[in-house]
Structure formats: structure tokens, C-alpha cells
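Shown here is one chain on its own, the form predicted alone, set out as C-alpha cells.
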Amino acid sequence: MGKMRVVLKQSPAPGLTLGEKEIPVPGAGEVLVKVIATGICGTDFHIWSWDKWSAARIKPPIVFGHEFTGEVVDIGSEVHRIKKGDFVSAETHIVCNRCYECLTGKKHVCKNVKILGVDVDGTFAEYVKIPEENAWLVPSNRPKEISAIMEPLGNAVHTVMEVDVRGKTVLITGCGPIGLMAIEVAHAVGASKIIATDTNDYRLSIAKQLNVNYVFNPLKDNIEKEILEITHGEGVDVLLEMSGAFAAIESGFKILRPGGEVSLLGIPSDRVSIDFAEAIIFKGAVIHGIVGRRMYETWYTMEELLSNNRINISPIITHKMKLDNIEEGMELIKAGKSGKIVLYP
């Protein structure tokens, strides 16, 4: 079918390589999508910088990237739902459909999962091949940059919807793109008060454009004092932990009221030591570990939120650039000077 331009993790070292590969051919149950827009995720940044997680998980050479939208240009045999010309986004977790978790309605924790752009070639390319099961139809008139970031939006929706935020005071620790999306989702589903924290003032400036009531920088503000005053000494009802930073996790549990709920999405870079007795057991805290998106309950929920204009995630997209300029995007993320970055092949 010819060659396509791609972004490769060519070797087990920091950086990336702009190169070429053969355009993939869809097999049985697969579709070929021409990539229109693709987002840079924190996972992609980890692969680019080659941290401990990447060194243990990624097997170069591989095309990375996983957030995207595009047009279906070819289909394999045994494809029934998707047709050529459809516009799609995609669930990035390719599951086995055979394990206990898959067979009992918990595909998002499939023990044999393969992830697009991590275990198989991904979306930093002109074309990508995905299972028909993973293709999510999107309206052709939806802004392509929005359709491109539905996958991380699903993380935010899952994190928020796993707990009851209706009429509750919600603390979101970490204002990366998914934390920022969670602000909009929490507001849309009925949170009465939303507090967001981050150590990066650039990200907090984006948060202020969203439906948030208070923003704090723990490097400048005494957030425990401030939040206890806001909540009349009770603490927050819900903690949505998006940062993975130990300081945020520790202070978040301190500010959580007794009987409160916690959704943990942020991934710590190392083991975290926490006082289980005081922070969790005696407090009666309810904790949810969040991974991926519920397949496909979360996708239906976010489609409703987007289609009915219940959330506005446009301010979270701060940069749009050509795929060839991806290195510039990675440097912006490294410097903490971006929200979501969308690339165009």
C-alpha cells in the first residue's frame, strides 16, 4: 500500500525518530484509519523521556501515540459495524475477550490487555490499524481536536463517575489535561463546589477558564488551611487524585472528611508511604483505583456530555502543531508550558 510517515521510539534511550513504515493492511475484524489529529499524552512523554516505566514496558522499535481521530479508509473481512468514510476515535485498550475480567464485564482491567502505542504500533503516524471493536464512531462535524482527545476525556469521566459527586465538595489534585477535564465533568454531573490544586501556575491559569470555584498552588498557599475554611472545618467530600505526587496524595487524604470517597488516577513514580490507620481506616474512606475507561459505558457517557454541550474542553487544548514538530511539543510539556497538545499528520 506504500509508505507513511511515523514517529518511532527507535531505540531504548531518550528521544524519538521521524521515519517511515509500510502502511498497515487491516486483517480480519480490523479497520485502517487515516489519522487526522492525534494528541500527546503523559504516557507518550514518558516514552519520549525514557523513564523507568518505559524502559521496563516498551520494546523498540515501535510507533507510539494513542489519542486520535481519523477517517476509516479500508476494512478487513468480518467487519460489520464500521464502514469506509466513517469518522472514529478509539478505545486504546485492546482486550482479549477471554479472561475472567473480560467475561464478567470488566474489560477495562483485562489481564491480557495490549495498549495502542505501547504494545502495538500507535497513532503518531499517517495511518493506524485498530480492531473494529475499538473504533468509536464520532460525528463528522465535531471539531477534530475534540474527537482526538476523547480517550483521555474517558479517563476523566471514569474517575469522576466512579464516585458520587452530586451536591458534593470535590477536590481535584493535579491540573494536567485529565485533571482539567475532570473539572468540567464534575461540574456537569452536579458537584456543588470544585477545588483544584497544582504546583504549575500555567495549568492553574487554564483551570480558571473552566467551571471551578477555587484554585490553589500548594507551593504558595496553605491549602489545608484554605480548604478547611471553605468547608467549614469538615474537609472535602470527594478527592480526585490526578497528579501521582506524594505530597498531593498525603494532603488530599488529610483534607478528606471522614467517610469521604477517593478516586486515584495519578500514577506515582515510586512507592508511596501513607498512614493507613489515620488516613483510611479510622477515617472510613472509600477508595477506588482508576484504570482506563469502562468499556464501553464510559464512552456512552462522554458522548452524551459532548453531544449535549454539557462540558467545554476546548480551553484545555493550548497548542496545535504538525506531527513533524512533535519534539517541540514534548519540550513544552517538559517545561510545564502546555495543556493538551494536538498534532496533525
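Remember, predicted model here, so these are calculated numbers, not experimental data. All residue numbers refer to positions in the sequence shown, first residue = 1.
The same protein has a further form, the form predicted together with nicotinamide-adenine-dinucleotide (NAD), not shown here; the description that follows concerns it.
Contact with nicotinamide-adenine-dinucleotide (NAD) in the predicted bound form, judged as any non-hydrogen atom within 4.5 angstroms, is confined among 273 to 281, 286 to 294, 25 to 33, 300 to 308 to 286 to 294. Using a 4.5 angstroms heavy atom cutoff to nicotinamide-adenine-dinucleotide (NAD) in the predicted bound form, none of T123, K129 and P131 count as contacting. The contact residue chosen from A248, V113, I146, I75 relative to nicotinamide-adenine-dinucleotide (NAD) in the predicted bound form is A248, the criterion being a non-hydrogen atom within 4.5 angstroms. Contact with nicotinamide-adenine-dinucleotide (NAD) in the predicted bound form, defined as a heavy atom within 4.5 Å, holds for exactly one of L256, V79, L210, L265, namely L265.
Using a 4.5 angstroms limit between non-hydrogen atoms, A186 is distant from nicotinamide-adenine-dinucleotide (NAD) in the predicted bound form.
Taking non-hydrogen atoms only, K107 never approaches nicotinamide-adenine-dinucleotide (NAD) to within 4.5 angstroms in the predicted bound form.
For G260, no non-hydrogen atom is located within 4.5 Å of nicotinamide-adenine-dinucleotide (NAD) in the predicted bound form, even though that partner is not displayed.
nicotinamide-adenine-dinucleotide (NAD) in the predicted bound form comes within 4.5 Å of a heavy atom belonging to T197. Residues of 100 to 138 are not found to place any heavy atom within 4.5 Å of nicotinamide-adenine-dinucleotide (NAD) in the predicted bound form.
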